[in-house]
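The data below hold one chain only, encoded as structure tokens and taken in the form predicted alone.
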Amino acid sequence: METFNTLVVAWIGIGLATFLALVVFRIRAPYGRHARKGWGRMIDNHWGWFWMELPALIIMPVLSLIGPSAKTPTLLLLTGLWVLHYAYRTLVFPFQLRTKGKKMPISIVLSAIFFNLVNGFLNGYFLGWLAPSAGSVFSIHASIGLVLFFGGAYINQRADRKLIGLRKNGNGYQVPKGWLFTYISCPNHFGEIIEWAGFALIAWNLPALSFALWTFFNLVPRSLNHHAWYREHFPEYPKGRKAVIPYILI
């Protein structure tokens, strides 16, 4: 357990270093609206999303369920919530995208596969093999976590549908308006941050906390990049709108 915890802390440290590098050097990962040449061979973005999310959908539930740990209600709940999220991310979201002919670098796909393998392993192995107890589903922190998880998932998926709908009939990128878009540029990222914070509260363990932190480390810089991109391409972009946290973050 001590060795495992050391690995998780090191993983959090890598996440923090990544966050600082992305923010300080204003690095824009070259996919989606930031796609550009010079990053090697490309793959269709629908299948890119599918392949990079697939490892997470498989590895965590397999490890958590085949391990010797007791299959408590909380362990089964956490596994189910994980599968719900990644089934959407792997099997639904990529094929809802209205982006004909759009591609992403294979290097980005491979880096995401690596992240999902590590993250899925840490969370699945802990639950399936190391956790002495997964805690009670009736604890206060688990109850709050459930509310946050489903609230965040709702925000994330509703924002996805709104953004996808703006590209109907091949209209390209537009300024999203209404609902949480009134306050922030990236409600989809805001929702996912809340979602995994809720998961960490339910799990109440270090690997789940590491995932919540990594979600923040990854999506906050991405949101800042999206926010800057909107301002660069749309002169009329609302000046009072923040990037990812209402009233707070840029």
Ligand code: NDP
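These figures come from a predicted structure and were not determined experimentally. Numbering starts at 1 and follows the sequence shown.
Same protein, other form: the form predicted together with the named molecule, not shown, and the subject of what follows.
Colleague: How about P176: is it within 4.5 Å of the named molecule in the predicted bound form, going by heavy atoms?
Modeller: Yes.
Colleague: Against the named molecule in the predicted bound form, would K102 count as a contact residue? Criterion: heavy atoms within 4.5 Å.
Modeller: Judged by the heavy-atom cut-off of 4.5 Å, K102 is in contact with the named molecule in the predicted bound form.
Colleague: Examine P55 and determine whether its closest non-hydrogen atom to the named molecule in the predicted bound form is within 4.5 angstroms.
Modeller: So P55 does not count as contacting the named molecule.
Colleague: Please tell me whether any heavy atom belonging to G32 falls inside 4.5 Å of a heavy atom of the named molecule, as the geometry stands in the predicted bound form.
Modeller: Looking in the predicted bound form, residue contacts with the named molecule include G32, since a heavy atom lies within 4.5 Å.
Colleague: Any idea which of 120-128, 89-97, 71-79, 141-149 reaches within 4.5 Å of the named molecule in the predicted bound form, heavy atoms considered?
Modeller: Of the options, only 89-97 has residues within 4.5 Å of the partner.
Colleague: Work out which of V83, L166, I106, V137 lies within 4.5 Å of the named molecule in the predicted bound form, going by heavy atoms.
Modeller: Checked against the cut-off, the match is L166.
Colleague: Check each residue of 204-222 against the named molecule in the predicted bound form and list those with a heavy atom within 4.5 Å, in sequence order.
Modeller: The stretch 204-222, when checked against the named molecule in the predicted bound form, contributes T215, N218, L219, R222 at the 4.5 Å heavy-atom cut-off.
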